[in-house]
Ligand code: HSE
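Form predicted on its own, single chain, as structure tokens, below.
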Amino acid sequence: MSIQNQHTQLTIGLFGFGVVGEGLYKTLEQTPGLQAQIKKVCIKHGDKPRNAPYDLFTTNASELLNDQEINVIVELIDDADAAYRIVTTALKRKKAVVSANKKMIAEHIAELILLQETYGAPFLYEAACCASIPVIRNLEEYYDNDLLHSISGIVNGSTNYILTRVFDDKIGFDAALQQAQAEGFAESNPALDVEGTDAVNKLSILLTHAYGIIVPPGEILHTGIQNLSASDAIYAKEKGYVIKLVAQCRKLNNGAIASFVLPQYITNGNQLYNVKNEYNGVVIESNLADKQFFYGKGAGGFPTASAVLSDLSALRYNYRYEYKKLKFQTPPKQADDFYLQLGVSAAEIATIPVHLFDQILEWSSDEHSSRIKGIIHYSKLTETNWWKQAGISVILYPDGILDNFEPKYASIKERKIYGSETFVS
């Protein structure tokens, strides 16, 4: 059954009744004017007690997918493979779909776009990126690709919560992670958060809506906060920085788009500086509007449910993503020729491959760690994973994307530290 107009009753089949699913259920109870009602909820474990009537639940997905009265499928599970089967089946049966599964969307977005066109069913997923912040809708409707310069953001509330607890409250990483899980901010598999996987999935989706580029998450440079150390926090404080996990994409002078997810030193002049706890913040910069800042809760049941609710409301007006930048413009290429200004620290300087850097700007060492600040070509991070090894932390400096850098030295023996000393690997 297709969605016709604002008077259409939304009869929902909901997959998943975790933190977000229950949040949506409670929210819909409080918004009768939306004319949206959950008819059935498919869950994995039927014997688990839940805060809703028993007869609302089933473990049989077909009860929802085959029910002709259900015209909207809302998918809120954490299994990307199962979510893919649910969403594709629903679209083929011409049911509207709302999803929050960023991994599934990022890995299959090209196919999902084709299914929407083939079967005429809308597929919305604002909740997959930044929860309560309507960043996808704004990229779709407000920003023209030719004028969009960059996006940078804290898009994972779990890692931001952990960093706040570690660096502001001085508690250990494991304790901070446990707090994030207890609050319902962290994924069931915390590695998806702390290793940057969740953030890169979101960046992959944002690239499609911002620039019309389809790039699988595995092809985007990324890491998380798993290797950050106490010495990194001390160094950041000495320099007046905070450390955030930042997903970003930027149009270079040649028109190509540089994109990656890395921890970054943030100055107090950056809007992301004061984004703390489970909050997300996204800075969108365009040639005409300059910088605009979006801020809101990026994790938790009700913030994510609010994005799902917004998509459900949009369905009543037959809203769907048009993917204008993908379909009606020539998408730019993903950049592979630019430089980054990085800080790298490790227990021993010998574990840092300094010969890969085009210029060493600083070098310091104490009894706890050795640290360099240097300029390195993007390819030196994509060719090997030396920078992801345990014990090595890599942090991008403010304004760390160098578009016009030209190497000055032909070999490592000619690269100067502090302009005078010669460092030989």
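In this text, residue numbers run from 1 along the sequence as written. Treat the numbers as computed from the prediction; the structure is a model and nothing was measured.
Keep in mind the form predicted together with the named molecule is missing from the figure; the text below concerns it.
Contact check for residue 186: a non-hydrogen atom falls within 4.5 Å of the named molecule in the model of the complex. Taking the partner from the other structure, the named molecule in the model of the complex has a heavy atom within 4.5 Å of a heavy atom of residue 155. Using a 4.5 angstroms limit between non-hydrogen atoms, residue 298 touches the named molecule in the model of the complex. The named molecule is not drawn, but in the model of the complex it has a heavy atom within 4.5 Å of residue 102.
Contact annotation: of the candidates 209, 244, 202, 95, the single residue with a non-hydrogen atom within 4.5 angstroms of the named molecule in the model of the complex is 202. Annotated contact segment (heavy atom within 4.5 Å of the named molecule in the model of the complex): 178-186, selected among 344-352, 178-186, 315-323, 116-124. In the model of the complex, the named molecule lies within 4.5 angstroms of at least one heavy atom of each of the following residues of 192-230: 193, 198, 202, in sequence order.
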